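Just the one chain here, laid out as C-alpha cells, in the form predicted alone.
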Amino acid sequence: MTGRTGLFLAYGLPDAVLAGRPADAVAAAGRAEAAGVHALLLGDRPAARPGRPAPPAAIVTASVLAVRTRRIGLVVDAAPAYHEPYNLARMVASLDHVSAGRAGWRVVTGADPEADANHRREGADPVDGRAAREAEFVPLLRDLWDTWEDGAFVHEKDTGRFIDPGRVRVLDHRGPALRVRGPLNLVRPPQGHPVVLAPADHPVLAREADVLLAGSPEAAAAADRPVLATVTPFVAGTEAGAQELHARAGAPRSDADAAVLVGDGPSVARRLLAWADRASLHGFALRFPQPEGVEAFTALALPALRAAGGLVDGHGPATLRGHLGLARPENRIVARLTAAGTERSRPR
C-alpha cells in the first residue's frame, strides 16, 4: 500500500435505486463518478425480502454500470456459502475485464438462515463447514485468477497461434472443503486479482483481503492494508434539516456495524476527517438508506471534504487498485514454481 493523500470513498447505493429502472442506477453511478467517488458497493443477498423486491443480481448490475462508466470501482457482494469457487472466480474476473480493471469482491460471511434455505441439496448444506469453506475460498480464487500467466494469450494472427500453452496452468486444487481442477477459462484479469474486501474482524479472511471493512469508525483500528470504516450519513443544508432527514428514516442509531452521522456538509466532513486521522483510516464505506441521501452528501459534504484536502482525486487512476494505492499482485502460481525451482526459463 502506498501512503494516502486523502480519503477513499465508496457509496453503497440504496436498494430503491438499484431495484428501480436500470437507467436510474446508471444515472446515479454516473453522478457519483463525476463527483469523484471512487467505488460503488453493490449488495447481493440471495433471499427474498419481506414486502419488497430485491435489486437484480449485483454482478449483472455491475456489468451494466461497467460499460456506462469509466473510472469508478464496482464492488459486488458474494458469499462463499452460496457460490462455487470456479464460477465466482469467472464472474468476478469477467467483471474486471469488461470494466477494464475496476472490479472488486466483498466477501460476505456469517449465518443467513433465509439464504441458507435456498441453497440446500442432497448431501450439501451451507450451514455445514461454512468456516472451512470460507477459509479456503479466497486463496483458491486468487489461484484461479493466476492460472493464466500474463502474456499467455499471444494472439499471433499471422501464425494462427493464439495461446502459449506453457503459460496456462492446471491448478488441481484439493483442499479440505473444495476441489477445483482449473485452469480458468479467462485470461488473467487486468488487475491481476480483482480487489478483495473482507470484514476486519474475521479471524481468517482479514489476512487474505486487500481491503479491510470495519464497522463503526469509533472501533476501527489501523492495519497493514487499507481500512474502510462504515458510516450512514444524513446530510442537509442545515443541522435542523439533517435532523429532520434522520427522523424520517426512523432515527437509526450508531452500532458496531456503522456509525450514524447527522449534520450539515461541513460538519459531516470535519467528523469524517477526524475519524480518519484518529484511526489512520484509508476511507469510508457510506450507506445511504434513501436516494436523496446520496445526492445531499454529494452536493454538500463532498465539496467540504475536497476543500479540506481530504479526498483522493477520484478522477485519477482508472483501476480500483489504483484508487486504493494497491500494487498489481504477482502471479502466485509462477512465484511458487519459481521458488520450487520448477519454472522453466522462457525467451523474452
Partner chain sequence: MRTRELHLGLMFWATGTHAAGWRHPDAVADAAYDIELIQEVSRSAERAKLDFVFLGDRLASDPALQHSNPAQISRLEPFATAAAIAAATTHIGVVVTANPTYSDPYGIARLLASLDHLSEGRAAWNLVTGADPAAALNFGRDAHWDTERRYDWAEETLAVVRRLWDAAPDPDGTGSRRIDHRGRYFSVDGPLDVARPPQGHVVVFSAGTSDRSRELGARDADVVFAGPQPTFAKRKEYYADIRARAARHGRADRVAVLPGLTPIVAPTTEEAVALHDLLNALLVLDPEREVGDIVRAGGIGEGHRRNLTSASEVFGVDVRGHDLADAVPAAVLAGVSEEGARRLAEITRLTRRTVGGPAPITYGDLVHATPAQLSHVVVGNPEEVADMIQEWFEEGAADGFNIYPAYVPGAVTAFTELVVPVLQRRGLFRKEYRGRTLRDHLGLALPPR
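Just so it is clear, the structure is predicted and the values come from calculations on it, not from any experiment. Numbering follows the first chain given and starts at 1.
In what follows, reference is made to the form predicted together with the partner chain, a form of this protein that is not presented.
Chemist: Does the trio 64, 94 and 183 actually contact the partner chain in the model of the complex, every residue with a heavy atom within 4.5 Å?
Modeler: The answer is yes; 64, 94 and 183 each reach the partner chain.
Chemist: Whether residue 325 contacts the partner chain in the model of the complex should be assessed with a 4.5 Å heavy atom distance threshold; does it?
Modeler: Heavy-atom contact with the partner chain at 4.5 Å: absent for residue 325.
Chemist: Using heavy atoms and a 4.5 Å limit, would one call residue 68 a contact residue for the partner chain in the model of the complex?
Modeler: Within the cut-off, so yes.
Chemist: Do residue 48 and the partner chain come within 4.5 Å of each other in the model of the complex, heavy atoms counted?
Modeler: Flag for residue 48 set to yes.
Chemist: Quick one: does residue 275 come within 4.5 Å of the partner chain in the model of the complex, counting heavy atoms only?
Modeler: Contact with the partner chain, no.
Chemist: If contact means a heavy atom within 4.5 Å, which one of 52 to 60, 303 to 311, 287 to 295, 33 to 41 is the stretch that engages the partner chain in the model of the complex?
Modeler: Stretch with heavy atoms near the partner: 52 to 60.
Chemist: Among the candidate residues 84, 128, 224, 255, which is the single one with a non-hydrogen atom no more than 4.5 Å from the partner chain in the model of the complex?
Modeler: For this set of options, the contacting one is 84.
Chemist: In sequence order, which positions of 257 to 274 have a non-hydrogen atom within 4.5 Å of the partner chain in the model of the complex?
Modeler: Result: empty, none.
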